Structures are given as structure tokens and as C-alpha cells.
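The form predicted alone is given below as one chain in C-alpha cells.
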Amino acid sequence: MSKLPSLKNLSYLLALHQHQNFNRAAQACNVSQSTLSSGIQNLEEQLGCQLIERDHKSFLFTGMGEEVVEQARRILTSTEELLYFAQSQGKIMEGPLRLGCIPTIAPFLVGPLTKQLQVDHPKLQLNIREDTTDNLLHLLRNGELDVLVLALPVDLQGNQSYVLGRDPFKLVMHQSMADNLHEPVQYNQLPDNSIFLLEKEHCLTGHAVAACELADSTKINPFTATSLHSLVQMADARLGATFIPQMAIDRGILNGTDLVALQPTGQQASREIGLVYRPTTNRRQTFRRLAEFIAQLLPEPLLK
């Protein structure tokens, strides 16, 4: 049997693919540029194929190189999971766990979740990354995160998920604006440009518009906010109304304001919350247990 490629050389290849620069890739791997280059050349010799086309100024990955990068990513991710499993001696709720969560969920979930896990599973080392859906899915694919908490529906890019629960939307506005409205609120009762939303990078905007059946774009203000807290401040300043998920309301985002939460139009004005993981993972038991913890913290648990 021929000698197998080393994990170290596979990691060099991934670093070069990520950074697209030999010097930066070598720095990321804490080795010299010549060591990294030699490692990749050794990998090419072992595999018997060209992974990178080089000249004295630039390089590019061959088609086979791109394929090997994907295989190497899966191998290193599985090896890392094997290491976690061994370090925890098979105990599913021990050791490091890298969790990604979107900004419209994280501030209202992470605190209660962390406190509960510290009580029930103190040996679980939860590391949390807050970012947009697209960025988190990229990090999951690259093996830099283990599991994600996302709002659904969304393109899972081949990953698998547990549906944890439902998070209803409320139409939030100043009390003075709500005095003459009836629930569920009909949008034709609202002035043009009176509904404020998040930037398009946040999936909550699309979910809220679809779930709450807001078809009249003239009601949407062109100004966008970067966070739910910014939306709350604008509504409290009587600039207009906005959609806020029940989870955030339950955690007190409206405290200290003169805002009221009304039922918007839409038969099922809500988003689903899901736990997303790679289909190749060997930590399904861990993720299932984590899913049970998170579901208990949602306004309408659905996990069975």
C-alpha cells in the first residue's frame, strides 16, 4: 500500500486555498513559506496529479486541485471530530463545541442557553460565533464551525437540520400610532414608508415580509437598520413601525419603551428556528441533545 498523504500537508493545501497567497497561508500555519510549498509538492507527488499551476508570479488551482481541496476539508473535519470524541471519551456533551448563530437570534438565546448548559453539562465548552447566515454556512462548510442556529426557510446548501420551534412576528409601533388600529393590522391603514426593516444581509427581513404577507412595497421605508435594537429605537422615536420576533420581545427588547406589539396580517406570521449541521458529522447525538435544550427556550417549541 502506498504511503497516505499527511494531514499536515492537507492542511497546507486548505490554507493556501483559503488565503490564495503562499506567504499568508504559511503564516496561518505557523511554518515557513518554503515548508508549506514543499508540503504541497509532496502531496502532489503522493497523489500523482497536479493540484496547482505555478509560475514565478502567480498560481491557480487546477480542476483536480479544487476537488482535492473539498476532499481534504472533509477529511480534516472528520479527523477533528474524531479527536473531540476521543478527548471526551465518547461522552456526547463534553469537550469543545463551536456554535454559529445569526444576530437576530443570538442576543436572545445565547445567555439562557449558556446558563442552562453550564448547570446541566459543565464540561461542554461552548464557543459561539455571531454572523450572517451566508457567512455561517461558509464557516460550517469549511469545518470552522460545528453547528448553526438559523432562521428557516433558507438554502441549507446540502446540510441537514432539526426544526426546533416557531418564533412569531409582531408588528411593533409606538402606542400613539397603534391607538386607532385593530388586530390583525391591515397594512393599508399605515402611511407609506412607515415600516422599517433590517439590511438585506439579515434573513429576518425576507422572512418577516413573506410571513406577514407584506406585499405593498410602498409601505417599506428605504432606510434600513443593522440590528433589531436599532429598529426598536426608530419605532420608539415615532418614526414608524417594524417587525420584531417574539423571542426578542420575551427577552425584554421593548422594556423601557412606549412600544406595543400587535398581531400582523398573515395566517402564520412567524419564522422557524433550526439547528443546522453537516451531513457527514459523527456528532449527531450531541446536536440532538443541544437541539432539545434550544427548543425549550423558544416561544413555540416544535422538536419531536
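Here the rigid core means the biggest group of C-alpha atoms that line up within 1.5 Å when the two forms are laid on top of each other. In this text, residue numbers run from 1 along the sequence as written. The structure presented is a predicted model; accordingly, all values stated were derived computationally and were not measured.
As for the form predicted in complex with another copy of the chain, it is not shown, yet the points below apply to it.
In the predicted complex, at least one heavy atom of Q46 sits within 4.5 Å of a heavy atom of another copy of the chain. Taking the partner from elsewhere, A210 is found to have every heavy atom lying beyond 4.5 Å of another copy of the chain in the predicted complex. At a distance threshold of 4.5 angstroms between non-hydrogen atoms, R284 is in contact with another copy of the chain in the predicted complex. Another copy of the chain in the predicted complex is approached by R74, whose closest heavy atom lies within 4.5 angstroms of it. Contact with another copy of the chain in the predicted complex, judged by any heavy atom within 4.5 Å, is made by just one of T280, N23, Q296, Q20: T280.
Residue-level contacts in the predicted complex: of E183, E201, E80, D120, one residue has a heavy atom within 4.5 Å of another copy of the chain, and it is E80. Relative to another copy of the chain in the predicted complex, residues M64, E67 and G158 are all within 4.5 Å by at least one heavy atom.
In plain terms, the part of the chain that comes close to another copy of the chain in the predicted complex, with a heavy atom within 4.5 Å, is 158-166 out of 158-166, 191-199, 110-118, 226-234. Superposition on the rigid core between this form and the one not shown places the CA atom of I294 less than 2 Å from its counterpart.
Relative to the superposed core, A72 undergoes a C-alpha shift of no less than 2 Å between this form and the one not shown.
Relative to the superposed rigid core, the position of the CA of T281 differs between this form and the one not shown by less than 2 Å. Put simply, E130 and N30 spread apart in the predicted complex: their C-alpha atoms are 3 Å or more farther than in the form shown.
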